[in-house]
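Shown below, as structure tokens, is a lone chain in the form predicted alone; questions about how it binds or moves come after it.
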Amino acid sequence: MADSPTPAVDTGTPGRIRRSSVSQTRKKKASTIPIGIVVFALIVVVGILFAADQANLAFFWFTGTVFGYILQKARFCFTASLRDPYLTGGTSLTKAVLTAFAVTSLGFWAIQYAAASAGLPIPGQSFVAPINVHTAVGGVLFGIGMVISGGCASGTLMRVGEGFMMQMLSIAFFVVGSVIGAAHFGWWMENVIVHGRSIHMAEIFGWFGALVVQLGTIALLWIAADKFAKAKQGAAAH
């Protein structure tokens, strides 16, 4: 039978027994600062190499790196902004996405309005795609894929960088689906897309009317998301 530890006598106070304590020391984590410095140096070196070949490549490299860092730290994901209200009742990410939409809408409106006022070609008009049944079909399919994979394109790429195996599998099939879609895109363009209607809100509501409608819709959605979260919290409290 093993001997039990003998309690030590506190000499400062006669007769008082001081229990022996075993101090548990936590293992210190290795510092990741050196790794971060090496990765940062590699990013800079690769950016310089890209800049020597083509300036746009360096720009995309640095902005993509910064954007990925922000996504990772903010846990920003469009899927979560639509999923969280139903799963957890939280709408903070939903409101963050709506706020981002409002800011970008205002910026794009200012750029396009300035060009139109100066009689210049309006930037981004070539990206005003026709709306037709393909819009609904594509949206539903993409939504199903986002729910199954647990992330949208940005969220999936961010989690691939973190080493999540599920997202690595998702990005592989993302590429496969994109290749198949590119192969069939000609058929969709000739038979479906060209029969749709391109809608530019400034042509319907005017420049200032389009801004009011856009920001007003976003504001209503933001208020609805906020009230939804408060209602969920109130129901959980009771």
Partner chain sequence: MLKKLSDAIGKNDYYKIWLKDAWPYVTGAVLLSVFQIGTLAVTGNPWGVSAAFANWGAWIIEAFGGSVEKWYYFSSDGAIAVLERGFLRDPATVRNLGLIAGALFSVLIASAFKIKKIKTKKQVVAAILGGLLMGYGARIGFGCNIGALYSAIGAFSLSGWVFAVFIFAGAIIGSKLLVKVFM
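The shown structure was predicted, so the numbers you read here are calculated from the model rather than taken from an experiment. Residue numbers count along the first chain shown, from 1.
From this point on, the text means the form predicted in complex with the partner chain, which you will not see here.
- At the 4.5 Å threshold, heavy atoms of Ala51 stay clear of the partner chain in the model of the complex, well away from it.
- In the model of the complex, the partner chain stays beyond 4.5 Å of every heavy atom belonging to Val44.
- Though the partner is left out of this view, His184 does reach within 4.5 Å of the partner chain in the model of the complex, counting heavy atoms only.
- In the model of the complex, the partner chain sits within 4.5 Å of a heavy atom belonging to Ile218.
- Applying a 4.5 Å heavy atom cutoff to the partner chain in the model of the complex picks out Ser31, Thr32, Ile33, Pro34, Ile35, Gly36, Ile37, Val38, Val39, Phe40, Ile43, Phe50, Asp53, Gln54, Asn56, Leu57, Phe59, Phe60, Trp61, Thr63, Gly64 from 31-64, in order along the sequence.
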